[in-house]
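In the structure tokens that follow, a single protein chain appears in two forms: structure 1, then structure 2.
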Structure 1
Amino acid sequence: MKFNIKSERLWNDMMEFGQIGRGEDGGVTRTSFDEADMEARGLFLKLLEKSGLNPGMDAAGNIFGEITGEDPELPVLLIGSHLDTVRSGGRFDGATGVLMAVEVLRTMQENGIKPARTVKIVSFTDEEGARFDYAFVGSMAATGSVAADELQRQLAAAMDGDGISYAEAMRNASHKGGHFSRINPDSLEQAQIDKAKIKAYLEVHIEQGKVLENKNLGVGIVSGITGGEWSDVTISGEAGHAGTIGMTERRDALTAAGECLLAIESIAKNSGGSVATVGKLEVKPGSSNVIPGRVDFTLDIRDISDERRNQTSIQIYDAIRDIVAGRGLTCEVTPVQSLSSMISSAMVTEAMKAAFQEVDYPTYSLPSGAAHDAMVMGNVCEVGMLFVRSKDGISHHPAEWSSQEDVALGCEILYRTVAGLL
């Protein structure tokens, strides 16, 4: 079957964006409002302009392009993802969905399709949270999932490794002028979209796992996205000389943390579906001959069932507090962010299934263990996602790869899904 979209054009766009922020190891680093992120944003705005897609930006830094519908009062169909990456990540995560959205709208123009409703592209600000440890800023601002004043407070408090606050980085970005002058952490309420004006949100993303590869399938339909809860944990004990303080007299924060990590693993294993991860751990004072007096670590708990995740979280927090208290130490658990799970829209899923049938490709559904902007958008509108196969299931790594054939297939299915929803 002949595809409508132009595979080579889309692939060239993806390879071009994949060079922005590329390091010596081949990994791509574009964290929110850093130099590479700003370069990618600028290139994306130029691509939208070149494609006649009316580029714009809101106060949160979300970038939009569109084909205006013949009836502007009809709810908008929104398609997108994100351009930021983790540190030394891959060239496909996020950018695949954004650049596919551009290709879909370009193809609509070339085929003379004049939609009744407006079709919009969005590149959301900071899905990954790699620079400030605070993710989904753009989609949360757009949906109002966090009140604008509270989000403003949190962005003022979130700091990168150089002591620059999120809000400060946004203000620095706004000084570039042009579309960037719209960025304003003090006016985030201006970024909120009226949910009555959105028909649905569509997103394509690489799978970041091996399910599709194991099924020998290039594209699949996402049935839902697991919800997540993120916290910072601090265990405080007492530092001391490694050679002069006996084992029974110690108040070692690291050994307490070690016991906590094993408890976290055990509770998650026995939860029936939750996963829990400690991805960052810092030991202080961090000297080889000093007993650790403090340990800070991150805690990431996820589950497709919000109820089960809440139960797992409570068990884990209780276990941490009991372990620490039993050793005569103290601890503090600070919630950072919490997002509910998302079940994909039946309406959008049916449109996707019809698109699979049109291209004569097997339909397969799978859940997403990774979080995406679609999960946040599910708070305000119907949502659907497609996954594109990831080679060896690798993601967030320089070796991340999806084939040109799979990308083309995913984009064609997206194009036909959009046509079915107009």
Structure 2
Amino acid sequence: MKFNIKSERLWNDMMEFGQIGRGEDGGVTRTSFDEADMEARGLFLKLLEKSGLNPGMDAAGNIFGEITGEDPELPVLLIGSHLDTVRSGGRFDGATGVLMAVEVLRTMQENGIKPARTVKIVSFTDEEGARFDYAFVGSMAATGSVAADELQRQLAAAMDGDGISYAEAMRNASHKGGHFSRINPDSLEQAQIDKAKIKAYLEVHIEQGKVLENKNLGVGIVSGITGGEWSDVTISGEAGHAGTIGMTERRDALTAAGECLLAIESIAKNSGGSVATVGKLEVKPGSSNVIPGRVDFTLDIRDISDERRNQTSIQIYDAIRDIVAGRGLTCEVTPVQSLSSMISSAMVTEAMKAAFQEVDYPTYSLPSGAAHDAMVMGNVCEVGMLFVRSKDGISHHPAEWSSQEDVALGCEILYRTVAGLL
């Protein structure tokens, strides 16, 4: 089977972007508007320019490229993902989907395809939320899933570890000039896309799990995405000297957090499908000889069933409050974000299945446990996703890997899916 897309060219782009923000451990760290993220954005704008794909940016920092359709009034086909990463993450999560979109449009140009509708690439700002613990900023701004004025308030309040607010980081980025001067945390309504003008959103992403590997398949169709709920928990006790305060007189915020960690794990295990994760936890004051007076941690709860997730969340919050009160401490739970589950578009799925048949590859559908920009886009338009096999299911880790062969197959299927939706 002769592919339309050029596997080598796509792979070289991926490896080039994979060098940006790469640390000693081989992990890639590109968190929103940090130095590496800015470098990746700059390189991506150049790539779009070089490919004749008319680069642009919106107020939220989302980057676009496009082949303008013969009839610009027809609803556009949007293809994309994100270029940001978690701390010390991999080279494939996000960048794969963005660079495949570029490869698909380049191939369309080379094949002389002049589409009726505009085909647009998007690289969304901050899918991961690694720097400010606030994720999906670009897709939320584009869809208006969080109202622009509310999002503006949230971005003014969200802080990174150095006390820099999200809004401040965006303003700093805007000072870079050129396309970046469009970034404006106070005018996020400008980033909102008119729903009526989108035909569908397509995203290719690495699986970040072992389902495709276990099935011995390189690419699969995503049937839907599990919803999630994110919150911040603060437990306040009393700091004190580690040598002079007896075990029964302590109000240790960390041992209380320890009990919460076990309750969270146990409730999720017994929920019948929810997963719950504490990924970040900070102890204050944080000296070896001081009883911790305060602990802050993040809570990430996900489930394909919104109803069951809701039940799990309530149980977990109740358990935290009971544990903390039982120890004579206090706690505060601050909701950060919540996203409903997304069911994939039948129209897009049919186009994908046709593409699988064209390349003579077995179709296989699987749900996504990870949230993606596609989930947010699902609030306003038809959405479809493809997954590419991840070696050992490892993701958000330097060892994250997908083979060049699987990436090429995924991109060719994307190309043919797009062709079927023009």
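In this text, the rigid core denotes the largest set of C-alpha atoms whose superposition between the two forms falls within 1.5 Å. Only a predicted model underlies this, so the values are computations on that prediction, with no experimental measurement involved. Numbers given to residues start at 1 and step along the sequence of structure 1.
Looking at both structures, it is structure 2 that matches the form predicted together with another copy of the chain. Rigid-body rotation of the smaller part against the larger part between structures 1 and 2 amounts to 8 degrees, from C-alpha fits. When the core is overlaid, the C-alpha of residue 239 ends up 2.9 Å from its other position between structures 1 and 2.
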